[in-house]
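Next up: a single chain in structure tokens, the form predicted alone.
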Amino acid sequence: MHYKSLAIEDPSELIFGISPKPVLTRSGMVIGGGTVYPELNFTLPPMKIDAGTMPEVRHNYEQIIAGALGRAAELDAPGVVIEFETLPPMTEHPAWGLEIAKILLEGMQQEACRSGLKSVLRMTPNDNREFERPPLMRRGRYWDAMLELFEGSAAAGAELLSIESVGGKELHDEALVNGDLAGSLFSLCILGERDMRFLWTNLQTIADKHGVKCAGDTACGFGNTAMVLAEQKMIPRVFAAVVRAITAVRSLVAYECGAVGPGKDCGYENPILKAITGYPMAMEGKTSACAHLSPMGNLAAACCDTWSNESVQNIKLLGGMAPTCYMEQLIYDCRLMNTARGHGKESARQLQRWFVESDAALDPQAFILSPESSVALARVIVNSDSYYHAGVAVARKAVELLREAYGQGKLHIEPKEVAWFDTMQDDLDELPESESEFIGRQLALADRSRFLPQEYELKG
């Protein structure tokens, strides 16, 4: 593992708007340099995407970028991040995705000429590799098309490259619904780590070629799936919280391969990564309710460097088109954070404390991502000698932190979930010390019809 120490040791320094290693964009935005920027994420209304509907698709994105950036200029935003998360057909057909990226870049340039608004495009192609069954992670048409879209968008001017990668997800979903902590560790810290290293080494090559930045990955398909299942009362919230802590081990690999942030918004594990790497992070919370519900709507803002909304459909609301309305909401949230910072360090820390205290005691998934918990978990990760051992250690620490907070009356846990502390601790105690022994055990249990070991450099 590359990181052996923390970039941020003091939880009060794990705060919004400031990162030890800020990111400078071509337009002059300094992300992590003292200003929190809004980051708008949007998608199409329900519609079919094919060659025949592409004129309507193009019109939607032209409307989105013009309306959202126009409102940002009217509200004197200091700058904005625009994220283009492609939909599966747009990655499968790279020319379609690239065409839309160019529409967004053109709209950003037009607004810069009109009002001087600074902006930067984050390009997030959809990871279609899982569409093969079992998934082909390192070859095939989905892999080739995805790299083609990354290459084309970087050449066109998209400065930040991100993805919600899916390596290991083919086994992780079953681990979640079965409450299988060992299965989660195998998916995230063995399969996920290997896939992340292969993927992000390739993406860094593209970024270096075009003078752009790898921004970061997200364990959305793992940790956010757990969060949504917990919200639906299908799995325990304490189990989802421990899984969230483990996801940081997987997502860290992108930074070891050269990513510099801002980390992807739906990576709720980002506070842990910021403490380790010092790079700026995007976060989302209450403003992501258009896409999913969350128990940490305020706490998520405590250490954000860009504040995002998740994907909002381009539909008409009473106030205007939804992306424009969400841009306004994000800008006002950022204004509050930036105003607090303008009043000095103690004012910013007070707002940070309020963000945290409003959520942390009410749900284990919020508590585990508080600045105090994030630094404690980050320290365990950097003190580990392998990804497997880091995953086990961070899971143990998460159980310890949650159990202790519950015992002290600082955290609400549903009575029926308390027994899960012992269950998870027993599961962790039964894990082998040797990574190779763990891999052999999990391979013997894994459904080979769902995944191919060779796609993860493992022998069948």
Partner chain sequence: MNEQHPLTQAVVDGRRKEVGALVTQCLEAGESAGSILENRLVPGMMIVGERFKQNEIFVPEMLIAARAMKEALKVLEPLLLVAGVKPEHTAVIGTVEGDLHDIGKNLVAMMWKGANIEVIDLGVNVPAAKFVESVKQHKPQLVGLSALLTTTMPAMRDTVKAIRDEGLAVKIVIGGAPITREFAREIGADGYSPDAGSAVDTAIELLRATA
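All values derive from a computational prediction rather than experimental measurement. Residue numbers count along the first chain shown, from 1.
Another form, the form predicted together with the partner chain, is not on view; read the next lines as being about it.
The candidate spot formed by 108, 340 and 343 is out of contact with the partner chain in the predicted complex: none of the three has a heavy atom within 4.5 Å. Using a 4.5 Å cutoff between non-hydrogen atoms, residue 332 does not count as a contact of the partner chain in the predicted complex. None of the heavy atoms of residue 317 is located within 4.5 Å of the partner chain in the predicted complex. The partner chain in the predicted complex comes within 4.5 Å of a heavy atom belonging to residue 236. Using a 4.5 Å cutoff between non-hydrogen atoms, residue 140 does not count as a contact of the partner chain in the predicted complex. Listed residues 401, 30, 428, 49 were compared with the partner chain in the predicted complex; 49 is the one with a heavy atom within 4.5 Å. A single residue from the set 225, 298, 384, 204 has any heavy atom within 4.5 angstroms of the partner chain in the predicted complex; that residue is 225. Exactly one of the stretches 206-214, 169-177, 358-366, 68-76 approaches the partner chain in the predicted complex with heavy atoms within 4.5 Å, and it is 169-177.
Although the partner chain is not shown here, in the predicted complex the stretch 126-142 places heavy atoms of 130, 131, 133 within 4.5 Å of it, in sequence order.
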